[in-house]
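Shown below, as structure tokens, is a lone chain in the form predicted alone; questions about how it binds or moves come after it.
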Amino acid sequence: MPTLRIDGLDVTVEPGTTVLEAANFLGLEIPTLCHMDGLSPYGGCRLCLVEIGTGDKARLVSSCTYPAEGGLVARTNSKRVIRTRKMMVELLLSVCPSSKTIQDMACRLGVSRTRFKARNDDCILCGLCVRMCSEQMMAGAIDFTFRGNKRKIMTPFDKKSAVCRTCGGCMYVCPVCMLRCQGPNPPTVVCGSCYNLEPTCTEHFDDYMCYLGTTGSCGTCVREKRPESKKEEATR
């Protein structure tokens, strides 16, 4: 059985194990978006990148698709890995800023802005719905079509599929279907309202309603007002 080292820890795994699975066995958390247990690995979101090798030969690979080879040395949180993950989250935010899943992931990685123009698409091409429909529901009602920047997911010939059982599995796994608290038309690309995970509702509301009300009712969106400068006060 192959033995590899991840973040300085040696682990022996079964043949066919991926680096992501080996890291999870050690309790090391690696962010993922297009990966889900029970579905085939895809490696599309690139958030699970890890750095393997040493020196000039070190390179980034997707841990969900890279096999855990004997003698492999991997780092899950090197400076290079963290920098690349943050850039990938910025790209995902620019594609679909309305996704609560992506917004929460940005908060965990400390991403508070994006350098890319928002497109407000309704799909990030993670392929979860395609694999769920084909591998778990055994239907294959949807799939990828076209190539390049025209690539999208749809039914054959963009018509109602006769094999679709309307099970809802595609919506269940979709990271875009769960909208952020501000709804489908958010005021900013990066929300950041949940960046402070400590409950602030109790300071403003007697009843703690986390994610149960409209914008601001849960309290996490409350921000202290910026103190006015002397120059601003003088213009009043």
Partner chain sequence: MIRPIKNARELAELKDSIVSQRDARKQCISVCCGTGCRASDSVLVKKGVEAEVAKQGLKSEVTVKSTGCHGFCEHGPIIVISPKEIFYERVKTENAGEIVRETLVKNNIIPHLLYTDPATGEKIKSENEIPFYKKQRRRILEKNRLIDPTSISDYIAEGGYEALAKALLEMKPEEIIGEVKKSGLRGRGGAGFPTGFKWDFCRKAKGDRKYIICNADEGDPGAYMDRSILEGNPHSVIEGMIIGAYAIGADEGVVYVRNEYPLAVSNLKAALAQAKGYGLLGKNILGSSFQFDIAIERGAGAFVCGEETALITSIAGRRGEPRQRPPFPATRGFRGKPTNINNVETWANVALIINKGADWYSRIGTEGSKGTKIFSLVGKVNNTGLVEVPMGTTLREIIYDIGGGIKGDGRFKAVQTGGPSGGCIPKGQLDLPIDYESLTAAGSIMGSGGMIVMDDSTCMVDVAKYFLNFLRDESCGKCLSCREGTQRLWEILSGICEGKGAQGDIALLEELALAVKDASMCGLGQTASNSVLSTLRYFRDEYEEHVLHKKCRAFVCGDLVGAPCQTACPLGTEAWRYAALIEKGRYQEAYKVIRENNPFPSVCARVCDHKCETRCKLGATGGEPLAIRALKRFVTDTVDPSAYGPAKAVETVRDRAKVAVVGAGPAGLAAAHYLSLAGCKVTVFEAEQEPGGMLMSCIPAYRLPGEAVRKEIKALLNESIALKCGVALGRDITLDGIFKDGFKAVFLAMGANESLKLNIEGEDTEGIYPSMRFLKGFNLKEEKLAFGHVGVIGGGNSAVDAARVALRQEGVKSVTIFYRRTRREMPAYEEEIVAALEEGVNLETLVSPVKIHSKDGRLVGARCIKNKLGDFDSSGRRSPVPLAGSEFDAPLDTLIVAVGEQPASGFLKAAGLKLHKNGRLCVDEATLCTNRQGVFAGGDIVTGPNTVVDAIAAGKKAAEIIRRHLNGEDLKIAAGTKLPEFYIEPAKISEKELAEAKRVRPTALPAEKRKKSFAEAERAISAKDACREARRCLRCDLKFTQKEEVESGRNGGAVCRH
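Residue numbers count along the first chain shown, from 1. On a predicted model such as this, the values are computed, not experimentally measured, just so you know.
Not pictured, yet referred to below: the form predicted in complex with the partner chain.
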Quiz item: Of these, Gly44, Pro186, Pro175, Gly169, which has a heavy atom no more than 4.5 Å from the partner chain in the predicted complex?
Solution: Gly44
Quiz item: in the predicted complex, which of the listed residues (Cys129, Ile124, Ala106, Ala74) lies with a heavy atom within 4.5 Å of the partner chain?
Solution: Ile124
Quiz item: Taking 4.5 angstroms as the cut-off for heavy atoms, does Leu92 touch the partner chain in the predicted complex?
Solution: yes
Quiz item: Counting only non-hydrogen atoms and a 4.5 angstroms cut-off, does Thr145 reach the partner chain in the predicted complex?
Solution: yes
Quiz prompt | the partner chain contact at Pro31 in the predicted complex, heavy atom, 4.5 Å | solution = no
Quiz item: Would Leu39 count as touching the partner chain in the predicted complex under a 4.5 Å heavy atom rule?
Solution: no
Practice problem: Counting only non-hydrogen atoms and a 4.5 Å cut-off, give the residues of 87-117 close to the partner chain in the predicted complex. | Solution: Met87, Met88, Leu91, Leu92, Ser94, Val95, Arg115, Phe116, Lys117
